[in-house]
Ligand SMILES: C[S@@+](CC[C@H](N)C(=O)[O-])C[C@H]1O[C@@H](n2cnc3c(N)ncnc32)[C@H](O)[C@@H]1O
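Given as structure tokens, the chain that follows is alone and in the form predicted on its own.
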């Protein structure tokens, strides 16, 4: 059939999903990636990029649908970049996420350990407790929503199936009020305007909302009227803050945040614990599945009350504090100073006096802690997507930490780090995927490692 060229159309059978949740098929033995296609589909596609080893195509039509294909419940599913799998049945998503983890463990980690079925949600809708909405203009009208897939064009929000309904309600009211008051949204090309993002949080346990207005300028025109109208129309709104970000950047938040009106924190309950959430706090976006995740960490740690536990990359201390009643002491380490303050506040809020928190990089703090403490019984690792620094893993191994519980949002770096610890005589237990992000490509994992007398894998 000759060399593939941009613009050509083909019928292609989809037999896999990439780690980015794009359908994977083959044309003339060349791998082709097709967004919005899933395994089992036979699709009509048009090539848009052709490389030496692979090609990208757009989906034009489904000739024969996969048995796992469903009609998305969200009207924005075809264009919004927030969800990648609205067209795939939930059971099939859970199976694919397990396979994604299995592939990473085997191909990257070169480990043979069990990967358990993904723990999903009974009702996988309305689960998100936080959303970050960019604002802009389209045809003279204010738009506010999520970026169109692969672009910075804003899909104007009318509804969202994965957000808590109060988040969508407040978002629509913000857009309407901003337009009526004439507050100019940010133009990222011209670097003009005022309002860049509206970041909205909700407390599931208290049914309250926090709004963070991310602005280019310190001044917000008609601010008093904006707050008054929002509070009157959405009485669940209890806190309004401002974050100032004057830079030309894709990063949402700037360095300066202050309260404009109302309460300083939202309160969220996970199990018996209460957490204070500030405008910039990291908190898992799925409150329901967070309890599932933390209960697994507690089960794997199996603390007896005499242990010293390190909670590395601890954020606001949520995991460590969840385990505190089962341990002798919890020591959290976190790079963001504000998060350390929140962790200390959360400890006091829950009457926990056996926890302390240290501001610093794990790779710098851990060697000093090992030297000072002598013995560390258990370490909780919950790093960012890039995984752990090798020096952290080596220090834990050299200190002969008996038990490591690893929480990961990235199967690839998890597999890499598991392999590193396995080579340092840690036995890697079964990997438990947990679906914190239904309808998206993301998956969380928990795995327990124990110090053994060999690879144990």
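Since this is a predicted model, take the numbers as computed values, not measurements. Residue numbers count along the first chain shown, from 1.
Form predicted together with this ligand: not shown, discussed below.
Only one listed stretch (130 to 138, 243 to 251, 202 to 210, 330 to 338) carries heavy atoms within 4.5 Å of this ligand in the predicted complex, and that stretch is 330 to 338.
This ligand is not drawn, but in the predicted complex it has a heavy atom within 4.5 Å of residue 384.
With a 4.5 Å cutoff on heavy atoms, residue 361 counts as touching this ligand in the predicted complex. Among heavy atoms of residue 318, some come within 4.5 Å of this ligand in the predicted complex. Although the partner is absent here, residue 90 lies well away from this ligand in the predicted complex, with no heavy atom inside 4.5 Å. Three-residue candidate spot 401, 406 and 426; no residue lies within 4.5 angstroms of this ligand in the predicted complex by any non-hydrogen atom.
Exactly one listed residue, out of 96, 357, 313, 300, brings a non-hydrogen atom to within 4.5 Å of this ligand in the predicted complex: 313. The contact with this ligand in the predicted complex, taken as any heavy atom within 4.5 Å, belongs to 282 out of 282, 186, 146, 261.
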